[in-house]
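Given next, in structure tokens, is a single chain: the form predicted alone.
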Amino acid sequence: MEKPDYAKGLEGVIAAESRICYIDGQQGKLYYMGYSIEDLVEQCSFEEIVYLLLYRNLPTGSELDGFSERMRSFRALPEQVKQMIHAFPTGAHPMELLQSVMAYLSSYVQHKIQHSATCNCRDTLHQVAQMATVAATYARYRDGNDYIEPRDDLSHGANFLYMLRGEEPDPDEGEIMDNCLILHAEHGFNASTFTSRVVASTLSTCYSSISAAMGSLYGSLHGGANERVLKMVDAIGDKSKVEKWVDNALSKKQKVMGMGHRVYKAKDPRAKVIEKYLQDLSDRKNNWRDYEILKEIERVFGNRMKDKGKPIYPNVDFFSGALYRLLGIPTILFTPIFAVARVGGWLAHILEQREGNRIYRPKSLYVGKKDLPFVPLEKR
């Protein structure tokens, strides 16, 4: 019997319709709700992007004011959550903490999940607002510092840096952080987003769906690539050593982290924006080491692959780790920051999934044995 065709990892399979995100991989373009990422990051705050994702249109001034006030009012943590963070094992990864806190926060909310007309997930903004506070508080407790109450007069990105550092960041750094959250807020049917939709299709709560998405993001093939880029940069150590390192990596068929993308066949548009931030911040801090090594990797590895007829370009993770390092963010927070940004996109997909919902139930291709003779326990 001929083996039927199937798509391993669901590659190329269209699982649902969506109006949230469009990626033009050939041209290197990214759109949220029809708006280009370049326009959004240039002109919007992260809170404005969350509004866009949840309500599917850009807010008016009064709508944004009301939404921002509501979202900022949810930033502070309940005492019980602070206790959870304080008791979290020091050797564990904070993504496990975020996943646990997300599930725990669900108990504070009265859920309406039967159908989208009664869903109140746009109103229960703990899942969006408090993740930044949890991540910053984890880092403070880990370093033996006290919890810092969030401020409601700062953008989401600037407030995260304030809670992390204990002092207000300068306006440029606060804007860079807010814009980085915008760049990571949404990206189509990636593994964590699809996970959130699968769980949502069972009519579980949005908190449970997002908690599951965080578990998916925690996987080494999804989140954390920018952390591995920094390890690569530190292993190389100097711009002059890049060519030898790349050639050695290619000879061993070793992956060059941050180069290439499953969807983009051109330079990731988010990488272009983050590269500019990294260049500007490197200049302001007079610290060019990471930027110069990364640009040399991009040049050397790009040329090697182009010579093989397989052009490969930087993705969003290539420059972001070095940028976060210049912002004073510890490496252990890189993947949690991804979750802090993406939670708005996950919630948007959960809401969309519930419209005309159908529970996910794909088939599998059975390749095991059949009709094996059963052997009683005493004869095995």
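Here the rigid core means the biggest group of C-alpha atoms that line up within 1.5 Å when the two forms are laid on top of each other. The first residue of the sequence shown is number 1, and the count goes up from there. A quick note: this is a predicted structure, and the numbers were derived from the prediction, not measured.
What follows is about the form predicted together with acetyl coenzyme *A (ACO), which we do not show.
Not one of 245, 273 and 319 comes within 4.5 Å of acetyl coenzyme *A (ACO) in the model of the complex, counting any heavy atom. Interface residue among 281, 257, 233, 97 relative to acetyl coenzyme *A (ACO) in the model of the complex, by the heavy atom within 4.5 Å criterion: 257. This chain lacks the partner; the member of 125, 225, 212, 84 within 4.5 angstroms of acetyl coenzyme *A (ACO) in the model of the complex by a non-hydrogen atom is 225. Segments offered: 282-290, 153-161, 168-176, 259-267. Contacting acetyl coenzyme *A (ACO) in the model of the complex at heavy atom distances within 4.5 Å is 259-267. In the model of the complex, none of the heavy atoms of residue 138 sits within 4.5 Å of a heavy atom of acetyl coenzyme *A (ACO). Using a 4.5 angstroms limit between non-hydrogen atoms, residue 310 touches acetyl coenzyme *A (ACO) in the model of the complex.
Remark: residue 199 does not count among the residues lining acetyl coenzyme *A (ACO) in the model of the complex, judged by a heavy atom distance of 4.5 Å or less. Put simply, residue 338 is close to acetyl coenzyme *A (ACO) in the model of the complex: some heavy atom of it is within 4.5 Å. Counting a residue when any of its non-hydrogen atoms is within 4.5 Å of acetyl coenzyme *A (ACO) in the model of the complex, the hits in 293-311 run 301, 305, 310. After superposing the rigid core, the Cα of residue 171 is displaced by less than 2 Å between this form and the one not shown. Residue displacement note: residue 285 has its CA displaced by under 2 Å between this form and the one not shown (rigid core superposed). Comparing the forms between this form and the one not shown, the C-alpha position of residue 309 differs by 2 angstroms or more, with the core used for superposition.
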